[in-house]
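Have a look below at one chain only, the form predicted on its own, in C-alpha cells format.
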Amino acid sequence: MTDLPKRIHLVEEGPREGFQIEKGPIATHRKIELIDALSDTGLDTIQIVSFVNPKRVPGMADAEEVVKGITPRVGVAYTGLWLNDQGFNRARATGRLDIRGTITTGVSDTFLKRNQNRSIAEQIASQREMVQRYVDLGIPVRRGGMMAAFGCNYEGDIPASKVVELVGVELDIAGEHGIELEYISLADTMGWATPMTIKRTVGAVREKYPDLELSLHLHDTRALGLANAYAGLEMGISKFDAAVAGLGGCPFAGNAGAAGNVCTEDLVFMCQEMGIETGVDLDKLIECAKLAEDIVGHPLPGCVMKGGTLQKLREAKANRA
C-alpha cells in the first residue's frame, strides 16, 4: 500500500464518452448545461466533444455548436478528441479548445480497422505524420495513448509484452521529433481488464520504462472499473479518465453492453474515503450525475449519486447526538 498516491488528477470525459453513444438525440443546450455544471466542481480538465464523422457517430454532429455554447471557467481546460487530420482541423477551427497533440496507437488490428479504418502499421505511420504537423504548428505533444491495452472483443487477451512494445514505439516517435512524453494512457477500451491484468501490464511497462508515468482509461463493462482503479492506485497510478454518472461506451467495441468510463463521483468518493485528494467537490459532482441522468432520460450506473456519501451519514449521526 506504500505506493498509494497522495493526490490524483482526473480527466472528466462524460460529455464526450456519453453523448457519443446515446441512442436518442440529446439537445445541444442540454449538453452545454452539463458541461457548464461540471466546470464548477473543481475538475480542471473536461473532454467535451469528439470531431468524428457524424454519419458514424451522429451524437457528435453538433460538436462545433457545443464548443461555441459553453461558458469557459478560468482554470478549466476544455478538450476534444480527434482521430485524423480532418478532425484535428475542426478542433483547431473552434478557437476555444485546449489543443494538445497525443501519439495514439492500439494493440488490436481488428479494433483499429473498425474504429479508424487503419491497421496498427498504418496507425503508426499516421502518427508520425501527425506529430510532425503538431511540431510545425507549435502544438505541444506531451501524452501518448494506447487503445485496447488489456484485451479486445475481436482478438482476445492482449499480452503485456505487446503493450510494452507499442509503448516503445510511441516513445520512439516522440524522440524522433525531440519530444519527451510526460505520460502514456493505457485504455481498457472494451472492458477486459481485471485487477490482476492491471498490475501485470502496468508492472511490465514499469519494468521496461521505470521513469515513465502512466494513466488509466478504464471502462466498467464488467463492473470492475473501481476495482481496476484501486489496483492502479496500489501501483502508484495518479492519473485517471472518468465519466460522470458512468456515462458512455465505445460505439465500435463490438459489444452492445459496453459501459462508460469508471464513474467519476464513485472514484472521487473512494479516494476521499482513502485519504487521497482529488480537488473535486463531491456534492456538486453528485448533482451533475443526477443532471446527466435527467438529460439522457434513463438510469445511469453511478452508485454514489443514489446511495449518498458516508460523510453525509456521519454528519447526520453527529447532529442526532
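Start at 1 with the first residue shown and count on from there. From a predicted model like this one, the values you see are computed outputs, not experimental measurements.
Another form exists, predicted in complex with a further copy of the same chain; not displayed. Remarks below refer to it.
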- Query: So in the model of the complex, are Met130, Gly279 and Asp281 all sitting within 4.5 Å of a further copy of the same chain, heavy atoms only?
  - Reply: no
- Note on the structure: In contact with a further copy of the same chain in the model of the complex (heavy atoms, 4.5 Å), from 139 to 147, 209 to 217, 122 to 130, 192 to 200, is stretch 192 to 200
- Task: May I ask you to state whether Arg222 is within 4.5 Å of a further copy of the same chain in the model of the complex, using heavy atom distances?
- Result: yes
- Would Ala77 count as a contact of a further copy of the same chain in the model of the complex, using a 4.5 angstroms cut-off between non-hydrogen atoms? no
- Query: Within a 4.5 Å heavy atom cut-off, is Thr102 in contact with a further copy of the same chain in the model of the complex?
  - Reply: no
- Report whether the minimum heavy atom distance between Met270 and a further copy of the same chain in the model of the complex is within 4.5 Å. yes
- Task: Sequence order please: the residues of 122 to 159 with a heavy atom within 4.5 Å of a further copy of the same chain in the model of the complex.
- Result: Asn153, Tyr154, Glu155, Gly156, Asp157
